[in-house]
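Quick setup: one chain, the form predicted alone, written in structure tokens, and binding and motion questions come after.
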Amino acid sequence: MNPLHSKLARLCAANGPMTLGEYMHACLADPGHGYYATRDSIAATDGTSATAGDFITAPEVSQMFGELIGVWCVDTWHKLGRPSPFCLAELGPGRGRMMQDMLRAASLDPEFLRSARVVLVETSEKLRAIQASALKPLGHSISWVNSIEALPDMPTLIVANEFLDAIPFRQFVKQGGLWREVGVNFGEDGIAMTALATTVDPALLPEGAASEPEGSVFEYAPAREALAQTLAQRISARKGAILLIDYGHFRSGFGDTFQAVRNHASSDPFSAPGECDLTSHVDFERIASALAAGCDCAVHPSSQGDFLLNLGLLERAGALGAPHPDAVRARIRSEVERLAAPSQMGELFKVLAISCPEIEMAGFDNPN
């Protein structure tokens, strides 16, 4: 029993079972024992292998990922009328690798960099220090804020990679024809799942809920949807665009996607509270609806693979590998596969973009 387990057990003894979302929030965000407060979770890469950390994200897989996002930002800024100054914001910037590669790619347009006010939304002091170390050599002024509401009042481009999945969600299980909220209880024998008295609003359930068998699971993330609306309202009021990248699905449905990762492998989400990364798949259908409700503009969906290929991933890989020996070119080809192949990150990860005013967005086949 680790310290966070003991703390949560005392809370449950006093107040009864907690919701799965409350458990997830405590495991990730507890100031003394939470995962983000105590660990450098994202693996760095030396170009051949991941080192340390519990997982690796696309920006750490290859510099090409951040470079193409940087090109997308420059293109979108031009289509927005080249506002100056404007805020270039990243939510949950990890080790700073994506912004590092974005800014390097964006240096091809000096006016973009002169106009950009780079702001990172990050609450972890430990990660802020890592980000500062990565970005300082670029010579660009960087500032940090704790929340989206604290971003400067100006036109804004917002990017986020693997940010939504870590926002706590609610889970409901079908029992006796009712969808009851899943809870977590701590007892002498460890952590147990339990069904709470709370039931879901039937209007939130996807089509086909009545025919789902007993034991089926429905997941709902109101905090993610609220965040999406906050983002959309910000760019609607100030002009701008949003790019969200995460793993998930484009159609709401049923299923248990709660997961834990530790040392680059799946883990039991309840075995060691605060010592694993906890996430769930993002319901992009509901996120798209929330974005559209907050900003009367088109929402553009894509798989990560299609998005990166449309932006020129293969062309960039060819140019990057051309001056190098076969071993380096083979590594770059492997990175392309990791980022874009349907069997790897290409289909599991989704991309969603929105802008106010509506513009044609690079990287998307059929904006709607």
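Bear in mind that the values here come from a model prediction, so they are computed numbers and not experimental data. Note that residue numbering follows the sequence shown and begins at 1.
One more form of this protein should be noted, the form predicted together with a small molecule, which is absent from this view; the next part is about it.
In the model of the complex, which of the listed residues (L157, A166, A232, L80) lies with a heavy atom within 4.5 Å of the small molecule? Exactly one listed residue reaches within 4.5 Å, namely A166.
With the small molecule left out of view, choose which of S236, T123, N185, S115 has a non-hydrogen atom within 4.5 angstroms of it in the model of the complex. Comparing distances to the small molecule in the model of the complex, the residue within 4.5 Å is T123.
With the cut-off set at 4.5 Å between non-hydrogen atoms, does E181 touch the small molecule in the model of the complex? Flag for E181 set to no.
Distance check, L127 to the small molecule in the model of the complex, heavy atom within 4.5 Å: Yes - in the model of the complex, heavy atoms of L127 and the small molecule come within 4.5 Å of each other.
Spell out, yes or no, whether the shortest heavy atom distance between S141 and the small molecule in the model of the complex is within 4.5 Å. No, no contact at 4.5 Å.
Exercise: P273 in contact with the small molecule in the model of the complex, heavy atom 4.5 Å: No, P273 sits far enough from the small molecule in the model of the complex that none of its heavy atoms falls within 4.5 Å.
4.5 Å heavy atom contact with the small molecule in the model of the complex for all of F55, G94 and N146: Contact check passed for all of F55, G94 and N146.
Of 265-273, 197-205, 289-297, 84-92, which is the one stretch near the small molecule in the model of the complex, taking non-hydrogen atoms within 4.5 angstroms as near? Heavy-atom contact with the partner occurs in 84-92.
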